[in-house]
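First comes one chain, alone, set out as C-alpha coordinates in the form predicted alone.
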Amino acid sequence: MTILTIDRTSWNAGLDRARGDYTLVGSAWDADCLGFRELAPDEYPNMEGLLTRLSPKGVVFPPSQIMMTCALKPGDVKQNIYVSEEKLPSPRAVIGIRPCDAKALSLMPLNFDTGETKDPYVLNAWESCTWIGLAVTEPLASDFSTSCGTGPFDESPLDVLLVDDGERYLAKVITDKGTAWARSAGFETEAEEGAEALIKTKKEAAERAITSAISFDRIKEKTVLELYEANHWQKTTFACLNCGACTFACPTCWCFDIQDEVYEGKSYRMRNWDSCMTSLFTQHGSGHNPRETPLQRTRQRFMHKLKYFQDKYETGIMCVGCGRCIEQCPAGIDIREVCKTMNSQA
(Lines give C-alpha, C1' and ligand atoms only; values in the text may rest on other atoms or scores of the structure.)
Protein backbone atom coordinates (compact mmCIF):
# COMPACT_ATOMS: atom_id res chain seq x y z
CA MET A 1 0.00 0.00 0.00
CA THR A 2 1.37 3.39 -1.08
CA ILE A 3 0.14 6.91 -0.40
CA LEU A 4 0.70 9.41 -3.19
CA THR A 5 0.18 13.14 -3.23
CA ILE A 6 -1.55 14.68 -6.26
CA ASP A 7 -1.51 18.43 -6.66
CA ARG A 8 -4.83 19.76 -7.95
CA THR A 9 -3.03 21.74 -10.63
CA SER A 10 -1.77 18.48 -12.17
CA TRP A 11 -5.00 16.51 -11.71
CA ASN A 12 -6.59 17.15 -15.13
CA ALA A 13 -3.30 16.59 -16.96
CA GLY A 14 -2.96 13.22 -15.23
CA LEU A 15 -6.47 12.22 -16.22
CA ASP A 16 -5.68 13.17 -19.80
CA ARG A 17 -2.62 10.91 -19.76
CA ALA A 18 -4.72 8.05 -18.38
CA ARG A 19 -7.20 8.38 -21.27
CA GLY A 20 -4.67 6.60 -23.44
CA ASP A 21 -5.17 3.41 -21.43
CA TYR A 22 -8.62 3.85 -19.89
CA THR A 23 -12.10 5.00 -20.72
CA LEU A 24 -12.84 7.54 -18.00
CA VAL A 25 -16.14 7.30 -16.13
CA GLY A 26 -17.19 9.77 -13.47
CA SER A 27 -19.95 11.94 -12.07
CA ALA A 28 -20.99 14.70 -14.45
CA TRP A 29 -23.92 17.07 -14.90
CA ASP A 30 -26.62 16.49 -17.50
CA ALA A 31 -28.90 19.52 -17.25
CA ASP A 32 -29.75 19.63 -13.53
CA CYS A 33 -29.02 15.96 -12.85
CA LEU A 34 -25.68 14.68 -11.57
CA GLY A 35 -24.91 11.07 -12.47
CA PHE A 36 -22.16 8.65 -13.44
CA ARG A 37 -21.41 8.19 -17.13
CA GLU A 38 -18.60 7.90 -19.64
CA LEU A 39 -16.80 11.23 -19.92
CA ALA A 40 -16.18 13.08 -23.17
CA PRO A 41 -12.53 13.56 -24.27
CA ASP A 42 -12.51 17.14 -22.94
CA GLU A 43 -14.59 16.42 -19.84
CA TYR A 44 -13.48 15.82 -16.25
CA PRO A 45 -15.33 14.23 -13.34
CA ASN A 46 -17.13 16.33 -10.78
CA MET A 47 -15.03 16.01 -7.61
CA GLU A 48 -17.21 17.94 -5.17
CA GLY A 49 -18.29 14.72 -3.45
CA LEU A 50 -22.00 15.32 -4.13
CA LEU A 51 -24.48 12.47 -3.89
CA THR A 52 -25.65 11.59 -7.40
CA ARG A 53 -29.39 11.19 -7.98
CA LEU A 54 -28.94 7.70 -9.40
CA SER A 55 -26.25 5.42 -8.06
CA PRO A 56 -23.30 4.39 -10.27
CA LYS A 57 -24.74 0.88 -10.77
CA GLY A 58 -25.47 1.80 -14.39
CA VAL A 59 -21.71 1.66 -15.03
CA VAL A 60 -21.86 -2.15 -14.90
CA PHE A 61 -25.62 -2.73 -15.13
CA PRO A 62 -27.06 -0.24 -17.66
CA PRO A 63 -30.69 0.92 -17.38
CA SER A 64 -31.30 -0.51 -20.84
CA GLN A 65 -28.98 -2.92 -22.65
CA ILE A 66 -29.21 -4.82 -25.94
CA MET A 67 -28.24 -8.41 -25.19
CA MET A 68 -28.94 -10.12 -28.53
CA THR A 69 -30.10 -9.25 -32.03
CA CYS A 70 -31.84 -11.30 -34.67
CA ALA A 71 -32.22 -10.66 -38.42
CA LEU A 72 -35.79 -11.05 -39.71
CA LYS A 73 -35.45 -10.19 -43.40
CA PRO A 74 -35.94 -13.15 -45.76
CA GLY A 75 -32.72 -14.24 -47.41
CA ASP A 76 -30.45 -13.09 -44.60
CA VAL A 77 -28.07 -15.95 -43.73
CA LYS A 78 -28.66 -15.25 -40.04
CA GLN A 79 -32.44 -14.94 -40.30
CA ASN A 80 -34.19 -15.99 -37.05
CA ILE A 81 -30.86 -16.65 -35.29
CA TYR A 82 -30.15 -14.64 -32.18
CA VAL A 83 -26.57 -13.34 -32.00
CA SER A 84 -25.08 -12.11 -28.74
CA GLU A 85 -24.16 -8.44 -28.54
CA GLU A 86 -21.74 -9.15 -25.70
CA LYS A 87 -18.48 -7.30 -26.22
CA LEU A 88 -15.50 -7.26 -23.90
CA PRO A 89 -15.36 -3.70 -22.57
CA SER A 90 -12.13 -1.76 -22.66
CA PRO A 91 -10.48 -0.93 -19.31
CA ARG A 92 -12.38 1.80 -17.49
CA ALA A 93 -11.39 4.03 -14.59
CA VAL A 94 -14.40 4.98 -12.47
CA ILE A 95 -13.28 8.16 -10.77
CA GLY A 96 -14.80 9.82 -7.71
CA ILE A 97 -17.16 7.02 -6.70
CA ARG A 98 -18.29 7.09 -3.07
CA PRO A 99 -16.91 4.19 -1.04
CA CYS A 100 -20.38 2.99 -0.04
CA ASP A 101 -21.46 2.94 -3.71
CA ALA A 102 -18.39 0.92 -4.63
CA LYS A 103 -19.27 -1.44 -1.77
CA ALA A 104 -22.73 -1.90 -3.28
CA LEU A 105 -21.29 -2.76 -6.69
CA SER A 106 -18.86 -5.22 -5.11
CA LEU A 107 -21.92 -7.23 -4.02
CA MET A 108 -23.09 -7.70 -7.61
CA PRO A 109 -21.22 -10.98 -8.22
CA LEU A 110 -23.35 -12.55 -5.47
CA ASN A 111 -26.35 -12.15 -7.75
CA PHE A 112 -24.79 -12.37 -11.21
CA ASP A 113 -22.26 -15.15 -10.55
CA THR A 114 -23.97 -17.96 -8.69
CA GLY A 115 -21.42 -20.62 -9.57
CA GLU A 116 -23.96 -22.40 -11.76
CA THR A 117 -24.75 -19.41 -13.93
CA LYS A 118 -22.73 -16.33 -14.84
CA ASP A 119 -24.01 -13.13 -16.40
CA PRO A 120 -21.18 -12.13 -18.78
CA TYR A 121 -22.62 -8.69 -19.48
CA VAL A 122 -22.44 -7.56 -15.85
CA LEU A 123 -19.37 -9.54 -14.81
CA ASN A 124 -17.22 -8.44 -17.76
CA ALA A 125 -18.21 -4.82 -17.19
CA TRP A 126 -17.43 -5.10 -13.49
CA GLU A 127 -14.04 -6.73 -14.10
CA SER A 128 -13.07 -4.02 -16.59
CA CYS A 129 -13.34 -1.28 -13.96
CA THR A 130 -10.68 0.23 -11.78
CA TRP A 131 -12.43 1.87 -8.83
CA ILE A 132 -11.00 5.27 -7.86
CA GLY A 133 -12.99 6.27 -4.78
CA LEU A 134 -13.39 9.71 -3.25
CA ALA A 135 -13.63 9.70 0.55
CA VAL A 136 -16.71 11.43 1.96
CA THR A 137 -15.49 14.08 4.38
CA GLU A 138 -18.90 15.74 4.92
CA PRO A 139 -21.59 13.02 5.21
CA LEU A 140 -25.24 13.95 4.72
CA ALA A 141 -27.79 13.62 7.51
CA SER A 142 -29.33 10.69 5.62
CA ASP A 143 -26.01 8.79 5.51
CA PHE A 144 -25.96 5.70 7.74
CA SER A 145 -23.26 3.79 5.88
CA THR A 146 -21.24 2.98 9.01
CA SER A 147 -24.13 0.80 10.22
CA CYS A 148 -24.06 -1.24 7.03
CA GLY A 149 -20.52 -2.61 6.99
CA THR A 150 -19.04 0.24 4.99
CA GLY A 151 -18.41 3.95 5.58
CA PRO A 152 -17.15 7.26 4.21
CA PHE A 153 -13.53 6.04 3.97
CA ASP A 154 -14.15 2.34 3.27
CA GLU A 155 -11.16 0.98 1.31
CA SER A 156 -12.36 -2.60 0.88
CA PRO A 157 -14.14 -2.21 -2.48
CA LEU A 158 -11.63 0.23 -3.99
CA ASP A 159 -8.40 0.17 -5.96
CA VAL A 160 -7.49 3.74 -4.97
CA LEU A 161 -8.94 5.96 -2.25
CA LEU A 162 -8.65 9.71 -2.84
CA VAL A 163 -8.80 12.00 0.17
CA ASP A 164 -9.38 15.71 -0.41
CA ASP A 165 -6.77 17.74 1.46
CA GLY A 166 -7.36 21.24 0.16
CA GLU A 167 -4.92 21.99 -2.64
CA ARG A 168 -4.09 18.34 -3.17
CA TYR A 169 -5.43 14.80 -3.03
CA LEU A 170 -3.87 12.11 -0.90
CA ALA A 171 -4.19 8.93 -2.97
CA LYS A 172 -4.07 5.66 -1.07
CA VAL A 173 -3.16 3.03 -3.67
CA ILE A 174 -4.62 -0.27 -2.49
CA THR A 175 -4.39 -2.82 -5.32
CA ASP A 176 -2.30 -3.66 -8.38
CA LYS A 177 -5.07 -2.24 -10.57
CA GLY A 178 -4.80 0.99 -8.63
CA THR A 179 -1.04 1.03 -9.11
CA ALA A 180 -1.47 0.58 -12.87
CA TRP A 181 -3.95 3.48 -13.06
CA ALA A 182 -1.72 5.81 -11.03
CA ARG A 183 1.26 4.95 -13.22
CA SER A 184 -0.78 5.55 -16.37
CA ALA A 185 -1.82 8.97 -15.07
CA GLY A 186 1.75 9.82 -14.06
CA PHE A 187 0.88 10.17 -10.39
CA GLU A 188 4.06 8.95 -8.73
CA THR A 189 4.96 11.47 -6.01
CA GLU A 190 4.89 9.74 -2.66
CA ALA A 191 3.32 11.64 0.20
CA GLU A 192 5.39 12.84 3.11
CA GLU A 193 5.61 11.00 6.39
CA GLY A 194 2.46 11.55 8.42
CA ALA A 195 0.05 11.27 5.48
CA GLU A 196 -1.42 8.03 6.79
CA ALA A 197 -2.04 9.59 10.19
CA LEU A 198 -3.74 12.56 8.49
CA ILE A 199 -6.03 10.23 6.53
CA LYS A 200 -6.88 8.40 9.75
CA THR A 201 -7.76 11.68 11.46
CA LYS A 202 -10.03 12.70 8.59
CA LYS A 203 -11.65 9.25 8.60
CA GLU A 204 -12.43 9.40 12.30
CA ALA A 205 -13.92 12.88 11.93
CA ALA A 206 -16.15 11.77 9.03
CA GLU A 207 -17.35 8.72 10.91
CA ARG A 208 -18.15 10.81 13.99
CA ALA A 209 -20.22 13.13 11.77
CA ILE A 210 -22.53 10.23 10.89
CA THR A 211 -25.04 10.33 13.72
CA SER A 212 -27.68 8.20 12.00
CA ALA A 213 -27.52 4.48 12.77
CA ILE A 214 -29.55 1.29 12.42
CA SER A 215 -29.44 -2.15 14.01
CA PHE A 216 -30.54 -5.37 12.36
CA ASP A 217 -29.17 -8.01 14.71
CA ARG A 218 -32.58 -9.23 15.85
CA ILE A 219 -33.89 -9.34 12.27
CA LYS A 220 -31.39 -12.08 11.57
CA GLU A 221 -32.57 -14.08 14.59
CA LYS A 222 -36.28 -13.92 13.73
CA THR A 223 -37.97 -16.36 11.38
CA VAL A 224 -39.26 -15.18 8.03
CA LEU A 225 -42.88 -15.74 9.04
CA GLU A 226 -42.45 -13.78 12.28
CA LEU A 227 -41.47 -10.72 10.25
CA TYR A 228 -43.73 -11.38 7.28
CA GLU A 229 -46.85 -11.69 9.42
CA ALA A 230 -45.99 -8.83 11.79
CA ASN A 231 -48.79 -6.38 12.55
CA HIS A 232 -46.96 -3.20 11.54
CA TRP A 233 -46.97 -3.56 7.76
CA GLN A 234 -50.27 -1.75 7.16
CA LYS A 235 -49.00 1.29 9.06
CA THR A 236 -45.45 1.05 7.70
CA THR A 237 -46.52 0.96 4.06
CA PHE A 238 -49.65 3.15 4.24
CA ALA A 239 -48.05 6.19 2.55
CA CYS A 240 -46.17 4.27 -0.16
CA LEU A 241 -47.11 5.27 -3.72
CA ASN A 242 -45.34 2.28 -5.30
CA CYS A 243 -43.62 4.77 -7.62
CA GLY A 244 -40.33 2.83 -7.62
CA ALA A 245 -38.11 5.87 -7.02
CA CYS A 246 -36.33 4.03 -4.20
CA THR A 247 -35.49 1.01 -6.34
CA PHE A 248 -34.18 2.97 -9.32
CA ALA A 249 -32.00 5.17 -7.10
CA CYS A 250 -30.72 2.29 -4.97
CA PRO A 251 -27.22 0.94 -5.75
CA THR A 252 -28.14 -2.60 -4.63
CA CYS A 253 -31.44 -3.05 -6.51
CA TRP A 254 -30.77 -5.31 -9.49
CA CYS A 255 -34.25 -6.35 -10.70
CA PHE A 256 -34.67 -6.43 -14.46
CA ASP A 257 -37.03 -7.43 -17.24
CA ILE A 258 -36.14 -8.84 -20.66
CA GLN A 259 -38.16 -7.77 -23.69
CA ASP A 260 -38.05 -8.43 -27.43
CA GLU A 261 -38.52 -5.43 -29.71
CA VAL A 262 -38.71 -5.33 -33.51
CA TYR A 263 -37.43 -2.36 -35.51
CA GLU A 264 -36.75 -2.13 -39.25
CA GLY A 265 -36.44 -5.82 -39.96
CA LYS A 266 -34.42 -6.69 -36.90
CA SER A 267 -35.34 -8.08 -33.49
CA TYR A 268 -33.65 -6.84 -30.33
CA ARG A 269 -33.60 -8.70 -27.04
CA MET A 270 -33.14 -6.05 -24.36
CA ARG A 271 -32.65 -6.04 -20.63
CA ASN A 272 -34.22 -3.10 -18.79
CA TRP A 273 -34.24 -2.10 -15.16
CA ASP A 274 -37.44 -3.13 -13.42
CA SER A 275 -38.85 -2.67 -9.93
CA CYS A 276 -40.49 -4.96 -7.41
CA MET A 277 -42.68 -1.98 -6.52
CA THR A 278 -44.70 -2.13 -9.75
CA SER A 279 -47.76 -4.35 -10.18
CA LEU A 280 -46.55 -5.80 -13.49
CA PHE A 281 -43.32 -7.10 -11.97
CA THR A 282 -44.97 -10.27 -10.65
CA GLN A 283 -47.89 -10.45 -13.09
CA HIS A 284 -48.21 -13.99 -14.44
CA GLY A 285 -49.24 -14.79 -17.99
CA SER A 286 -52.41 -16.34 -16.55
CA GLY A 287 -53.36 -12.99 -15.02
CA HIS A 288 -52.61 -14.10 -11.47
CA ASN A 289 -50.45 -11.75 -9.42
CA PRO A 290 -48.99 -13.07 -6.13
CA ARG A 291 -48.19 -9.51 -5.03
CA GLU A 292 -51.10 -7.51 -6.37
CA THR A 293 -51.50 -5.00 -3.51
CA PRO A 294 -49.20 -2.08 -2.65
CA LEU A 295 -48.72 -3.48 0.85
CA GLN A 296 -47.48 -6.82 -0.50
CA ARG A 297 -45.01 -5.13 -2.82
CA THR A 298 -43.65 -2.72 -0.23
CA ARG A 299 -43.28 -5.52 2.30
CA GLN A 300 -41.39 -7.55 -0.30
CA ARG A 301 -38.89 -4.74 -0.84
CA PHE A 302 -38.06 -4.34 2.84
CA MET A 303 -38.08 -8.08 3.56
CA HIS A 304 -35.66 -8.62 0.68
CA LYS A 305 -33.32 -5.81 1.75
CA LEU A 306 -33.31 -6.53 5.46
CA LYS A 307 -34.12 -10.22 5.87
CA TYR A 308 -33.97 -12.48 2.81
CA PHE A 309 -30.60 -11.17 1.60
CA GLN A 310 -28.76 -11.53 4.89
CA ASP A 311 -30.27 -14.99 5.46
CA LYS A 312 -29.11 -16.16 2.02
CA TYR A 313 -25.64 -14.64 1.77
CA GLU A 314 -24.56 -14.10 5.39
CA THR A 315 -22.97 -10.77 4.40
CA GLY A 316 -25.27 -8.35 6.19
CA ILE A 317 -28.26 -6.51 4.79
CA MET A 318 -28.77 -5.51 1.15
CA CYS A 319 -28.15 -1.84 1.90
CA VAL A 320 -25.04 0.33 2.14
CA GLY A 321 -26.64 3.32 3.85
CA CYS A 322 -26.19 5.83 1.03
CA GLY A 323 -29.49 7.52 1.91
CA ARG A 324 -30.79 7.99 -1.64
CA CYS A 325 -34.13 6.29 -0.98
CA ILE A 326 -34.63 8.53 2.06
CA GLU A 327 -33.80 11.68 0.11
CA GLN A 328 -35.98 10.83 -2.89
CA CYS A 329 -39.07 9.12 -1.46
CA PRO A 330 -42.03 11.45 -2.17
CA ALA A 331 -43.99 9.88 0.70
CA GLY A 332 -41.20 10.32 3.27
CA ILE A 333 -40.75 6.61 3.98
CA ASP A 334 -37.46 6.06 5.79
CA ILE A 335 -35.74 2.66 5.58
CA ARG A 336 -34.04 3.40 8.90
CA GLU A 337 -37.42 3.58 10.65
CA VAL A 338 -38.64 0.44 8.91
CA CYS A 339 -35.49 -1.40 9.98
CA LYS A 340 -35.94 -0.17 13.54
CA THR A 341 -39.52 -1.40 13.57
CA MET A 342 -38.58 -4.82 12.19
CA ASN A 343 -35.66 -5.17 14.57
CA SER A 344 -37.73 -4.33 17.65
CA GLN A 345 -40.89 -6.25 16.70
CA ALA A 346 -41.98 -8.23 19.74
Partner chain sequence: MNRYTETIQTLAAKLLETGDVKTVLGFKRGTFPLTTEPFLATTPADTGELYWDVNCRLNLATYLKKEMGKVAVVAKGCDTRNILVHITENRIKREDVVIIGVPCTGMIEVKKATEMAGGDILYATEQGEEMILTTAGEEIRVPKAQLLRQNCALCAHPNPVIYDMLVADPVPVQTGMDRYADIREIDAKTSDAKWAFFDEAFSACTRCYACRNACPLCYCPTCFVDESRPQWVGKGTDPVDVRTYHMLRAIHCAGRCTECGACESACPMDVPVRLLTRKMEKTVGDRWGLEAGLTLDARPAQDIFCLDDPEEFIL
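Only a predicted model underlies this, so the values are computations on that prediction, with no experimental measurement involved. Numbering follows the first chain given and starts at 1.
Here the subject shifts to the form predicted in complex with the partner chain, a form of this protein not shown in this document.
- Proximity of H304 to the partner chain in the model of the complex falls outside the 4.5 Å heavy atom cutoff.
- Contact check for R37: no non-hydrogen atom falls within 4.5 Å of the partner chain in the model of the complex.
- The partner chain is not drawn, but in the model of the complex it has a heavy atom within 4.5 Å of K235.
- The closest non-hydrogen atom of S64 lies within 4.5 Å of the partner chain in the model of the complex.
- For the three marked residues, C33, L140 and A245, a heavy atom of each sits within 4.5 Å of the partner chain in the model of the complex.
- Taking a 4.5 Å heavy atom cutoff to the partner chain in the model of the complex, the contact residue among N272, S215, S84, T114 is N272.
- This chain lacks the partner; the member of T201, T223, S156, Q259 within 4.5 angstroms of the partner chain in the model of the complex by a non-hydrogen atom is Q259.
- The stretch among 140-148, 186-194, 70-78, 124-132 whose residues place heavy atoms within 4.5 Å of the partner chain in the model of the complex is 140-148.
- The partner is not shown here, but in the model of the complex the stretch 279-304 reaches within 4.5 angstroms of the partner chain through a heavy atom at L280 alone.
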